[in-house]
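Single chain ahead, written as structure tokens, the form predicted on its own.
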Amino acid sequence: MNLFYAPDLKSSQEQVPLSGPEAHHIQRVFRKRSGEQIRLTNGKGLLATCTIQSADRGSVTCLVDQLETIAPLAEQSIVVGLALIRPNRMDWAIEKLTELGIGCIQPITFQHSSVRQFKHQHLQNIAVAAMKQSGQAYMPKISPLLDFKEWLSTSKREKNHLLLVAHPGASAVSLSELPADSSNGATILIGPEGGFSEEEVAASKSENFQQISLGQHILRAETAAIVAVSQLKMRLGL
């Protein structure tokens, strides 16, 4: 059953109106008609099975047949602090991180960042499409762009939350060497193509970030993000 995005879906609703892109997809792309069933999610854990009541030009109205609250999976506690990279690569990273089910993506500019263009709504749209394609009831929060220093000084980090920075060095360890028990999740920092500056490495170390190695090869930022989350999920049994 096809899944569509209804950000205003609430647990008390019996009827859900849809317009804009989602109504277009239902009518023009998937060719759904009155009487057919679809699924809706608000991206925050609500999942509704609905019957299309009416499908007029530009608008669709659905009747809720069944509504359930999906408990968040453990990977929802993973945060990725991702350097702002070239738009096509950023799109790919957002899509794949969404498919992996993480809870938050924090775009960050670093000293060696060469890209400054940030289109928040565009990245939200990428995440919506990936959430629907992968059949999830949760969509990661894509936070507003922050400078690394600002993010480091203002972000809240939970107790027993793993703090990781993908940076090779003498103190770097593989994810397999980390403790497997992390009930409060993890934050992973992924730097730009130019890497972290010495000042940024020192700043992360002062905030108790552990340097991790993702293998012997040099990875692009978007690849490093996917590899890091995948390895972490395997390590934590997620």
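Each residue number is its position in the shown sequence, starting from 1. Remember, it's a predicted structure, so these values are computed and weren't measured experimentally.
What comes next is about the form predicted together with S-adenosyl-L-homocysteine (SAH), which does not appear here.
Going by heavy atom distances of 4.5 angstroms or less, which of 186, 38, 212, 60 would be at the interface with S-adenosyl-L-homocysteine (SAH) in the predicted bound form?
Exactly one residue meets the criterion: 212.
Does residue 43 reach S-adenosyl-L-homocysteine (SAH) in the predicted bound form if we count a contact as any heavy atom within 4.5 Å?
Answer no; every heavy atom of residue 43 is more than 4.5 Å from S-adenosyl-L-homocysteine (SAH) in the predicted bound form.
Using 4.5 Å between non-hydrogen atoms, is residue 9 touching S-adenosyl-L-homocysteine (SAH) in the predicted bound form?
Looking in the predicted bound form, residue contacts with S-adenosyl-L-homocysteine (SAH) do not include residue 9, since no heavy atom lies within 4.5 Å.
Answer for residue 219 alone: is it within 4.5 Å of S-adenosyl-L-homocysteine (SAH) in the predicted bound form, judged on heavy atom distances?
Yes, residue 219 is a contact residue.
Since only the chain is shown here, I'm wondering whether residue 50 would be in contact with S-adenosyl-L-homocysteine (SAH) in the predicted bound form (any heavy atom pair within 4.5 Å).
No.
So if I measure heavy atom distances to S-adenosyl-L-homocysteine (SAH) in the predicted bound form, which of the stretches 65-73, 167-175, 202-210, 52-60 falls within 4.5 Å?
Correct option: 167-175.
Where, within 188-213, is there a heavy atom within 4.5 Å of S-adenosyl-L-homocysteine (SAH) in the predicted bound form? Residue list please.
In sequence order, 189, 190, 191, 192, 193, 194, 195, 196, 212, 213 come within 4.5 Å of the partner.
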